[in-house]
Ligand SMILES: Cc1cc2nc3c(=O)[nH]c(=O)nc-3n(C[C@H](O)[C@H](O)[C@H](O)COP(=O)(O)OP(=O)(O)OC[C@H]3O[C@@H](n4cnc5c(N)ncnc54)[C@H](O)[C@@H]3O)c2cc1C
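In structure tokens, one chain follows: the form predicted on its own.
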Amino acid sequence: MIENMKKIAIIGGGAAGMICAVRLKKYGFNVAVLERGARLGRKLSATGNGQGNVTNLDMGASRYFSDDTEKVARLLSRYGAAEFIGFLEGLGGIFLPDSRGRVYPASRQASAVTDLLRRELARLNVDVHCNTFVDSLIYEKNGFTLSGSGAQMRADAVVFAAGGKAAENFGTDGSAFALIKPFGHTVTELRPALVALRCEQNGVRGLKGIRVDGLLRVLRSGKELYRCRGDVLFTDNGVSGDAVFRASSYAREGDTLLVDLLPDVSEERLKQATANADGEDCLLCIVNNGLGRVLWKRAGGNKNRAVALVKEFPLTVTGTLGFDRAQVTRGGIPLSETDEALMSRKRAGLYFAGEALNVDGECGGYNLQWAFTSASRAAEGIYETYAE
């Protein structure tokens, strides 16, 4: 039962909601977290392939997509990667970067990061309400009334940290945006991001399960939009893997993906290695045998064309696997509708944090960093406004 009491209410118990609650409680506020799911931080426990990639040392606004990347840059300058690592290590645990600058807990367990935050919330006696679906948010008489799950709560300020639309199995289906629209807020087009891509079937036929460390390029009308190197995993209907998740932020239906299947080897060296080989086994010990046979067939039995396909293997994007398979949401509440503390320009006392805002980052810890950055700034803004 939610009691009627004066406090800061946070809608959403994901990474942003939990971090904001810790910050606010340490500022001295009475804080309540309202989470529709049975447990806090379920999506956080799955981040980084279950290993907990929390941030990245190569941090900057250029890694983000938003309607106001300059504001993102200003917010990151206040609460960046160093501040996030310091915050987490201040709660206990050790966080270390890998060779690509991706920062993980030393245990390589995302669930442990969630447990770290849950432990701190318990230590601080934060008022947590799970299985609580907020279906009404009203401002009246100098405060907010939140209703849901058969009860009501009054609050001086509200932090909307209910997430986006990606990964519905974690309770983020986009329905929470209905709570803030009556205040005059808009929501930009929502699209899945950090998601596997569907491709024309002819392009991936016979390749399911084959993984390469490739150089992936995204082309639209012949112009290169993006390139990155990483895992490319062929599936029954397209491609997945680390490089594909990063590229998915740029790729759209009709775009071409060009994959260099062997980026550390030049085409000239490939020609030399295959000079005395003929037939479909000409790429033995060069690429996966199954991949080599597909390349030979795709090249029409022409060795030079097969070698060329190793360096530029084309795929046509037909779509994505959708929100259910996406890690984050592209789009949300425009930053232009918030002030520098991420308070609503439509309704004083209403703040925003996390994926609900129109900010999403590349793959590599950038989205959890945004959860921390936005949650910390919102908490700081509440302190600046309400602390005596």
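Each residue number is its position in the shown sequence, starting from 1. Because the structure is predicted, anything quoted here is derived from the model rather than measured.
This protein has a second form, the form predicted in complex with the ligand, left out of what is shown; the following refers to that one.
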{"property": "Residue stretch of 176-184, 70-78, 287-295, 308-316 approaching the ligand in the model of the complex, non-hydrogen atom distance within 4.5 Å", "result": "176-184"}
{"property": "Contact flag, residue 36 vs the ligand in the model of the complex, heavy atom cut 4.5 Å", "result": "yes"}
{"property": "is_contact(residue 139, the ligand) in the model of the complex, heavy atom dist at most 4.5 Å", "result": "no"}
{"property": "Any non-hydrogen atom of residue 171 within 4.5 angstroms of the ligand in the model of the complex", "result": "yes"}
{"property": "4.5 Å heavy atom contact, residue 330 and the ligand in the model of the complex", "result": "no"}
{"property": "Listed residue (239, 113, 167, 155) with a non-hydrogen atom within 4.5 angstroms of the ligand in the model of the complex", "result": "167"}
{"property": "Sequence-ordered residues of 67-86 touching the ligand in the model of the complex, heavy atom within 4.5 Å", "result": "none"}
